[in-house]
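Shown here is one chain on its own, the form predicted alone, set out as structure tokens.
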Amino acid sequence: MTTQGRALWRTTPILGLTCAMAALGMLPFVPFASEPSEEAFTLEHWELDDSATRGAAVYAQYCIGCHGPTGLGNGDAAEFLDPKPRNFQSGNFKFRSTPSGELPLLADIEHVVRCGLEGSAMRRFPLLPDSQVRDVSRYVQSLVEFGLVRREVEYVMDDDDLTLAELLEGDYEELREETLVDAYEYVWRVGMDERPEVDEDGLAFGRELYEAQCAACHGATGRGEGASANALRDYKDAEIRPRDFTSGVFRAGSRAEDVFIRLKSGLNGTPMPAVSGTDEELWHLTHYILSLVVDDGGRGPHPTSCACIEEGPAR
């Protein structure tokens, strides 16, 4: 079994079964892509810093089975997963603490690696040492940067009728630097004013905001059954469903702070925009959305959840 297969086997029983079926010839072999031509700008041309270099090894062990060898979201298990694995080279990251349309911070990627995305196949990796979480997150960030620069390289080659060798020997370094400077120009953590107390007046105001800005997709009761729910598509033109708030499953975290950030930042690559309004208004909206969650009987966060690790178990 290959290193990739062993990594998949360790990920989940379902993915392990997938690997076994493929090994026995029960699943068709689908190559990732044809061999790149000499004129293709590939990861072989991409210089990694020390952290990303170490992270590449962690990625090969834990991530390649879903996200693919170059981060395109085309790993062996990808076709069996819903939602699909993230295409890192696209630069479209839903779960960020940065302004709408911007790239994530390194800390945002680290959070997803540590905590996973509840309700998806993206598992948590709580036992990875902090150094490996940091390094693999940096490698993922480098795949994002590679995708941005690759598109610029291909554009310049086509527009100026240059070969790859001519570009690499000429203005490549300047092109790379300018692309990354532009990409990170507006990447910062969005602000978050102090959270107000939850009270009846605030919840009533939050309901008004919800009905005006959220109900069309998420529905009047928050079950994801709004009038527009069946017509929503993501940036790949794939069907995407609004979150069912009543379930209490908020993919990147169910704390009030997590929901607030989703509202203020939006979800890149989806129809979910950054919600307009002051921080106070967004807090009231957050509180109302959380009030739609069906009561769990006071059980609190699951003992293995990231919320429990960060906040401590319910007492």
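Residue numbers here begin at 1 and follow the sequence given. Since this is a predicted model, take the numbers as computed values, not measurements.
Beyond what is shown, the protein has a form predicted together with heme C; the following relates to that form.
Asks: For heme C, considered in the model of the complex: do all three of Ala56, Arg134 and Leu164 come within 4.5 Å of it, counting heavy atoms only?
Replies: Answer is no for this spot.
Asks: Can you pick out, from Arg150, Arg176, Arg207, Arg243, the residue that has a heavy atom within 4.5 Å of heme C in the model of the complex?
Replies: Of the listed residues, the single hit is Arg243.
Asks: Contact with heme C in the model of the complex for His67, defined as at least one heavy atom pair within 4.5 Å: yes or no?
Replies: Looking in the model of the complex, residue contacts with heme C include His67, since a heavy atom lies within 4.5 Å.
Asks: Taking 4.5 angstroms as the cut-off for heavy atoms, does Phe146 touch heme C in the model of the complex?
Replies: No - in the model of the complex, heavy atoms of Phe146 and heme C never come within 4.5 Å of each other.
Asks: In the model of the complex, does Gln89 have a heavy atom within 4.5 Å of heme C?
Replies: Taking the distances in the model of the complex, the answer for Gln89 is no, it never comes within 4.5 Å of heme C.
Asks: Is His287 close enough to heme C in the model of the complex to count, meaning some heavy atom within 4.5 Å?
Replies: No, no contact at 4.5 Å.
Asks: 168-176, 232-240, 194-202, 151-159: which one contacts heme C in the model of the complex at 4.5 Å, heavy atom to heavy atom?
Replies: Contact criterion met by 232-240 only.
Asks: Give, in sequence order, every residue of 74-100 that has a heavy atom within 4.5 Å of heme C in the model of the complex, or say none if there are no such residues.
Replies: In sequence order, Leu81, Pro83, Lys84, Pro85, Arg86, Phe88, Asn92, Phe93, Lys94, Phe95 come within 4.5 Å of the partner.
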